[in-house]
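For reference, the chain that follows is the form predicted alone, supplied as structure tokens.
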Amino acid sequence: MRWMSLTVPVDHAISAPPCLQVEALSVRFGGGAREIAAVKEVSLRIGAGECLGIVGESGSGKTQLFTAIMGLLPQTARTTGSVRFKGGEMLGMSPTDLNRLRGREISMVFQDPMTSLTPHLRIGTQLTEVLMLHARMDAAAARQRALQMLERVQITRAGQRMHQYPHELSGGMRQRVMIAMACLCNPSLLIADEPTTALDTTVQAQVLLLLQSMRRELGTAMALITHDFALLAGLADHVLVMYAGRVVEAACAADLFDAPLHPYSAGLLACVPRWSQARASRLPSIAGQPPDPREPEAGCAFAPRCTRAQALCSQQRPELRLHSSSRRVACHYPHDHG
């Protein structure tokens, strides 16, 4: 199946230094026999105006990776590696300095808007506070900007919604409020965790256009965490496929969709419904379950579920290696597309 890409090219993105560069980032919780390795030596880079998609099953480490980048992990977490934003190291940064970045330079749309919005504050108060704190706007200018952004994400009767509390809005409307809030200050980096999950198709299209315009007009760098391959095809330049805390494939979006190399990537794409598929037919699935993160690694983590696995796969963990000029794969026996 061929995927249509609607990505907007950005001329300066390749030559400019990366907005975000992550090197060998690992996240662990607990210790001893109960230690959980949530993220394992992940490296990535996103240039201005570029969109990096991150895809994988629940529990693959996608959200933990970017929670670590934002400095929002609990104190029990142990993080190693390097996270550089516009050349400055973020790991170990003081809470005060992190707060200066978050909201203005870096914004994140969280997966659950009900726990991200403050329940006892009106929507308008939460939106205008962001602008008054980070953009130094007065109350009137902040209110006008907030209204405009609510309208851009298709919030009807925006003036009325400004006076409502989060529990008075539907799940989809709360999600749109979170997207509006993240975009208020025109951040240099926007991290979106399943940003269109609760939205209908029409609103999804409007949100996609908003994100595209931010890339084109403002050069916003984006990280898109999603299960929605259609959204990835419409927005992402490059994609990381994560499994059991590691990157198993990294490729240009078009290359990945047309010819996935890793069996796990191929399995995920095979699970996507197709227009040609009969309505009553059963969707394909990947057999088995992801590994227990507390278990020590032995060989390839995907081997027990892989139809291409051989003896070597259970004995030796494959490294993420360069396969061609534009893609990397961690597999002893990747797909050969000729």
Partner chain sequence: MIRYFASRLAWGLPTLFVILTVTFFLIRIAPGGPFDEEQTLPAQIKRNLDAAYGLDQPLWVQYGRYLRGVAHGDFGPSFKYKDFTVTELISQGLPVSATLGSLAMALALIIGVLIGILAALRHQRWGDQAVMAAAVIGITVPSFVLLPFLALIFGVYLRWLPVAGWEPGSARHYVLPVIALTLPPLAFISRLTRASMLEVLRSPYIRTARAKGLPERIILWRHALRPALVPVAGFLAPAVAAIMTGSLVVESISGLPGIGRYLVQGALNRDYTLVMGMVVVYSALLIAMGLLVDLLYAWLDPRIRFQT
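Predicted, not measured: the structure shown is a model, and the values here were computed from it. Residue numbers count along the first chain shown, from 1.
We do not show the form predicted together with its partner chain, though everything after this point is about it.
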item	value
4.5 Å heavy atom contact with its partner chain in the model of the complex for all of Pro119, Val130 and Leu133	yes
Heavy atom within 4.5 Å of its partner chain in the model of the complex - the one residue of Phe85, Tyr243, Phe110, Phe257 that qualifies	Phe110
Residue among Met70, Ala301, Cys306, Ala38 with a heavy atom within 4.5 Å of its partner chain in the model of the complex	Met70
Stretch in contact, per heavy atom within 4.5 angstroms of its partner chain in the model of the complex, of 177 to 185, 243 to 251, 219 to 227, 205 to 213	177 to 185
Its partner chain contact at Thr115 in the model of the complex, heavy atom, 4.5 Å	yes
Interface membership of Gln154, its partner chain in the model of the complex, 4.5 Å heavy atom rule	no
4.5 Å heavy atom contact, Thr197 and its partner chain in the model of the complex	no
Touches its partner chain in the model of the complex: Gly103 (any heavy atom, 4.5 Å)	yes
